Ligand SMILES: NC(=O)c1ccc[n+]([C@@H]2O[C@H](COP(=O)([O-])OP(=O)(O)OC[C@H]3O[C@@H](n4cnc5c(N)ncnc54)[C@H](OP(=O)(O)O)[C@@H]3O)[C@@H](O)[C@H]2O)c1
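Coming up is one lone chain in structure tokens, specifically the form predicted on its own.
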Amino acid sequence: MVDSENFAIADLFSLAGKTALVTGGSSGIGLNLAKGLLINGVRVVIASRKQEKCDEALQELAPLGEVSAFAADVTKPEDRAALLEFCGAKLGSLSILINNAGSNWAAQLQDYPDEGFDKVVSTNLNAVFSLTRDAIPLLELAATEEDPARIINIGSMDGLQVPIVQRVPTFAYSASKAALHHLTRTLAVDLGPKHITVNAVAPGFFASRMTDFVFDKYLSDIEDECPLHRIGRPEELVGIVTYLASRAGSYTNGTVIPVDGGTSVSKGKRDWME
């Protein structure tokens, strides 16, 4: 049994010896999370749709630790099966599953296509459910009562509120992330008895391919709308994920943690519909 009064930070937040799969791990938030895990002793598999993106990410990640990459579209059953088979062969078991792969589609309501809505929901919600369901055997191999396996879903502050940048409407994105937050809670109840915790992180604005356009157009407005008057820094997401994946977070289950500088609780300074 783990010493419940061992409060040393080096032990409380240690990730040494764990294994992880990070979807959407070739760029942006996923790449930074993979870096954070590797630097702290986790063996990592990243997944991304395109082989060339996997290869580019590996060049950046390989000096940091033991990492592999697998090209897979997590919306496709055959790709999910191949990815998990690869993880089993490379890692043996999964201590941490980070569901980060996501997509977005922006258009005015009258022009918003069914195909865009379907694509976003398929990636941000359906694929998370299916990959999580199919990864349970690998997660159970790593799970114990003292040290549960961890599922960490990357949601969004836009799933907590109506998005603040209404001039770039993303109906499917905010709806899919709100649904993902609730899926997180329902999975936490179901998987808790298997010694698998399920939590979500709801980032605000962080630099990534998905935010390039809005930063280009509205960065000063976004910073002004945040109580801290800035966008997020990579280490601030790595810190939350480290907490959730370490002994410090082993009793945290079914939560959605905003990491947005307070934006989701402070909005309303201007009319974003202008």
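From 1 onward, residues are counted along the sequence shown. Owing to the predicted nature of the structure, the values given are computational and were not obtained by experimental measurement.
Below: the form predicted together with this ligand, not depicted.
Would you kindly say which of Ile154, Leu131, Leu97, Val198 lies with a heavy atom within 4.5 Å of this ligand in the predicted complex?
That would be Ile154.
Which residue, Ala143, Val74, Val121, Leu160, is the contact with this ligand in the predicted complex, using a 4.5 Å heavy atom cutoff?
Looking at Ala143, Val74, Val121, Leu160 one by one, just Val74 meets the 4.5 Å heavy-atom criterion.
Do heavy atoms from each of Ile29, Pro203 and Ser208 fall within 4.5 Å of this ligand in the predicted complex?
Answer is yes for this spot.
Which is the contacting stretch out of 47-55, 34-42, 242-250, 61-69, given heavy atoms within 4.5 Å of this ligand in the predicted complex?
That would be 47-55.
Counting only non-hydrogen atoms and a 4.5 angstroms cut-off, does Arg150 reach this ligand in the predicted complex?
Contact check for Arg150: no, nothing within 4.5 Å of this ligand in the predicted complex.
Verify the contact flag for Ala172: yes if a non-hydrogen atom of it lies within 4.5 Å of a non-hydrogen atom of this ligand in the predicted complex, no if not.
Ala172: no contact with this ligand in the predicted complex.
Is Ala101 close enough to this ligand in the predicted complex to count, meaning some heavy atom within 4.5 Å?
Within the cut-off, so yes.
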